[in-house]
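Below sits a lone chain in structure tokens, taken as the form predicted alone.
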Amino acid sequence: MTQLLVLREQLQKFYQKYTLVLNPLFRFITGYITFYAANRVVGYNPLLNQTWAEVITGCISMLFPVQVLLFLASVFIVLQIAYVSHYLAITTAMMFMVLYFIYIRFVPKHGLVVLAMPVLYALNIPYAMPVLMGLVSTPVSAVPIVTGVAVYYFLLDTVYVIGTSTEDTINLYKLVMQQLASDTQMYVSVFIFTIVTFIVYFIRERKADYAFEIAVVTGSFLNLILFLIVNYLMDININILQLLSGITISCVLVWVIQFFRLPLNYAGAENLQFEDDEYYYYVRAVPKMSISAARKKVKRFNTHHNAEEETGLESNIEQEDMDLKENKGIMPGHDFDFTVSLDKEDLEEIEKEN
């Protein structure tokens, strides 16, 4: 644990030192992953479904704030769908506009959660979002999670309809909406992710030691159990291996985020009680874990060089003493010479004393 704390401290100092470089780099990575995931879901346009296109769009994302990424991703998805169906592209663009003007415009931070859900689905780790939002936010965060799940299954059903239909008419939109309304797996995901978000939030609000860690493990385990139960009861054909690997990776990812966000030292927890004129307070104080990396300062001494300097210094001193003695004309046993001169008054005082 100490090594992890030292690593955390070093990474924080490194980030503070190179903020101007790292922030654009993080925006590029976020943009690249977003457009990579979009190509995995709706990669119809051969021109956009290329690695160089993902890199270029990632570079464009690097030049703008993260909030602009939602608009760029929407345009990218619409262009992909327009390659195979102009009607579905128009209806998808209208759906994104309605979603923005009715909801995301007033709560911009929720827009990032909505965008993150389809991306996490493409990476097979959507189970991380409800656990993470339960840790860092409130139960209201279930709303953007549900919206993000709906957007992902809308795109998935759009791909399904395009693959099974041979026409390009307005009826495609009706087919997509019918497929979405009957998509059992979407309702299951919405139900489970909402429950997990609430449970994780409820646990991390408890005054128990290691509440955050318990919430992460419980949320991940709850994801696994609920999906297995629903898969058994409703036979929705969930890939068990992908489910296990996705939940495991999500659990580790959320734990790492929590560790770097807020590590707590429960061994130093204190329960305090105090009062004022109106209230009596019960406070539980848990200190944050913090440690600084030891700085080693090595001072090197060149003994050979120092000995030569000391020998030369002694030789110079002896030579100066010999020169001084020769100039003064004194014997080597004397270290100094002086002369005393007395005036007439001083001599008279000495004679009186004698």
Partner chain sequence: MVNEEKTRIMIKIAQYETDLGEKVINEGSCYKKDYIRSHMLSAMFNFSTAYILILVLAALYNIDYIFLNFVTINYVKLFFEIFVPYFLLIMFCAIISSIYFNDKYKKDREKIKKYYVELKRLEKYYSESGKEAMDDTITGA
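Numbering follows the first chain given and starts at 1. Note that this is a predicted model, so its numbers are computed, not measured.
Absent from the display: the form predicted together with its partner chain. The rest refers to it.
**Student:** Considering its partner chain in the predicted complex, find the one stretch among 278-286, 175-183, 194-202, 253-261 with heavy atoms no farther than 4.5 Å from it.
**Tutor:** Contact criterion met by 175-183 only.
**Student:** Within 4.5 Å, heavy atoms only: does residue 210 come near its partner chain in the predicted complex?
**Tutor:** Outside the cut-off, so no.
**Student:** Does residue 86 reach its partner chain in the predicted complex, with heavy atoms at most 4.5 Å apart?
**Tutor:** Result no; residue 86 lies far from its partner chain in the predicted complex.
**Student:** Is residue 220 a contact residue for its partner chain in the predicted complex, using a 4.5 Å heavy atom cut-off?
**Tutor:** No, no contact at 4.5 Å.
**Student:** Answer for residue 206 alone: is it within 4.5 Å of its partner chain in the predicted complex, judged on heavy atom distances?
**Tutor:** Although its partner chain is absent here, residue 206 would stay clear of it in the predicted complex, with no heavy atoms inside 4.5 Å.
**Student:** Name the residue from 224, 82, 95, 112 that puts a heavy atom within 4.5 Å of its partner chain in the predicted complex.
**Tutor:** Flagged contact: 95.
**Student:** So which of 241, 140, 102, 229 gets a non-hydrogen atom within 4.5 Å of its partner chain in the predicted complex?
**Tutor:** So the residue touching its partner chain in the predicted complex, by this definition, is 102.
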